[in-house]
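A lone chain, given as structure tokens: the form predicted on its own.
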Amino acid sequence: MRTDRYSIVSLLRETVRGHTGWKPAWRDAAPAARYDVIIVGGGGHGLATAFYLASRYGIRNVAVVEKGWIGGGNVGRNTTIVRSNYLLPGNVPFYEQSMKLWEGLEQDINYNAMVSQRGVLNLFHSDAQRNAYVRRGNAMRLHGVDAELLDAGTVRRKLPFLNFDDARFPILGGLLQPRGGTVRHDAVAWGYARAADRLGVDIIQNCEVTGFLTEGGRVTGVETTRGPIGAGKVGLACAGNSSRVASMAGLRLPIESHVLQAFVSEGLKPFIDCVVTFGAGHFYISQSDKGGLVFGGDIDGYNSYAQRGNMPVIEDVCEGGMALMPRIGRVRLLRHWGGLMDMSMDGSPIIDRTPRDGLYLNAGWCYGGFKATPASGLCFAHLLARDEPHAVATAYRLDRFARGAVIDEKGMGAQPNLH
């Protein structure tokens, strides 16, 4: 275990030394022969799981195996939004737990994750949509989650640059969650990796899982490009590759993989002080600390394992942006990228044991993976340590599709509903 901590004292000391004494944020570990728990996937969820296994449950003989490098997957390919403004009882407690963990994250991991609770505002454009947002806001407040309904005048005063006067979809108001906001995605990966490493977790990069070790029908480890590694338990947290990895264990998951694109513009002076979502189309936008506009929209709509998008979705996203704020048309696009979404059939995640003894699953995060990172890690760690679901994740069972107990939050699944 490492004992070095970031603090004002360490910063002043390294300033005097010319910053020559900083150690690597985490060790580049080589795989050991066996671990108590192996987490497949070194993204935010896998790293958070390892950290909470070590910090909350005292299980420190843990390895995180990542086929690429830390931060190279979805945790570094998203629009950084965090919120807990959900409607259904299966989701609200979970995402509010995540929101509370975000609020204390920087103290927990001793890392500046740039948590910015600037607010998330969902605009509505019709009476029916207003009624739906009123219902959602009331559900949030009944669960102890902050929610405010804003009329058109209040929204105009807050965001005067939106298209109020000649819009095809007039802005009638919005539902605001003041505690929502953004978190620096790279810092989340680096912070959790460093915190887990300090507690003794091995982070093994460039180590792709190619199969599973089994004994008597039980999963006892993984085959990797760096050799076999034994384990008491194996947890899958590999996002859009969940189906591919699970198929190596003979499992077929209720998941489809799709590309979700995100975009960032050139740097501008500050003018958007919250996260804004367009209710008449799938478009959401915020402004980063560097000044770039960060925005996104729908998945590309076809099955893919590529981390790049296509032109029709770029056009659709830009059309949504122009409808909401025409001035965005004068802004130059700096770059865009694709994340690999593991879309479940009801738009809600899975945190559960699999039918294969010794193998556990964390998947199906759809659009909500980044905001769920802390609670996902905590609940998956609880499942791995205690062999029972965490209290806020009891609805996320794998068999709910067979039982007809789906959590159809706005019909956000890959196939049956929205898409």
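So that there is no doubt, residue numbering starts at 1 and follows the sequence shown. Since the model is a prediction, treat every value here as computed from it, not as a measurement.
What comes next is about the form predicted in complex with a small molecule, which is not displayed.
Peer 1: Judged by heavy atoms and a 4.5 Å cut-off, are Val40, Asn78 and Leu260 together in contact with the small molecule in the predicted bound form?
Peer 2: Verified in the predicted bound form; spot residues all in contact, yes.
Peer 1: Mark Gly347 yes when one of its heavy atoms lies within 4.5 Å of a heavy atom of the small molecule in the predicted bound form, and no otherwise.
Peer 2: No, no contact at 4.5 Å.
Peer 1: Within 4.5 Å, heavy atoms only: does Lys371 come near the small molecule in the predicted bound form?
Peer 2: Yes.
Peer 1: Can you check whether Glu106 is within 4.5 Å of the small molecule in the predicted bound form, heavy atom basis?
Peer 2: No, no contact at 4.5 Å.
Peer 1: Although the small molecule is absent from this view, report whether Tyr284 comes within 4.5 Å of it in the predicted bound form, heavy atoms only.
Peer 2: Heavy-atom contact with the small molecule at 4.5 Å: present for Tyr284.
Peer 1: Tell me, which of Val234, Ala196, Cys238, Leu324 has a heavy atom within 4.5 angstroms of the small molecule in the predicted bound form?
Peer 2: After the contact test, the surviving option is Cys238.
Peer 1: Only one of Glu208, Asp146, Asp316, Asp186 gets a heavy atom within 4.5 Å of the small molecule in the predicted bound form. Which one?
Peer 2: None of the others qualify; the residue that does is Glu208.
Peer 1: Only one of these stretches, 348-356, 29-37, 58-66, 389-397, has heavy atoms within 4.5 Å of the small molecule in the predicted bound form; which one is it?
Peer 2: One stretch meets the cut-off, namely 58-66.
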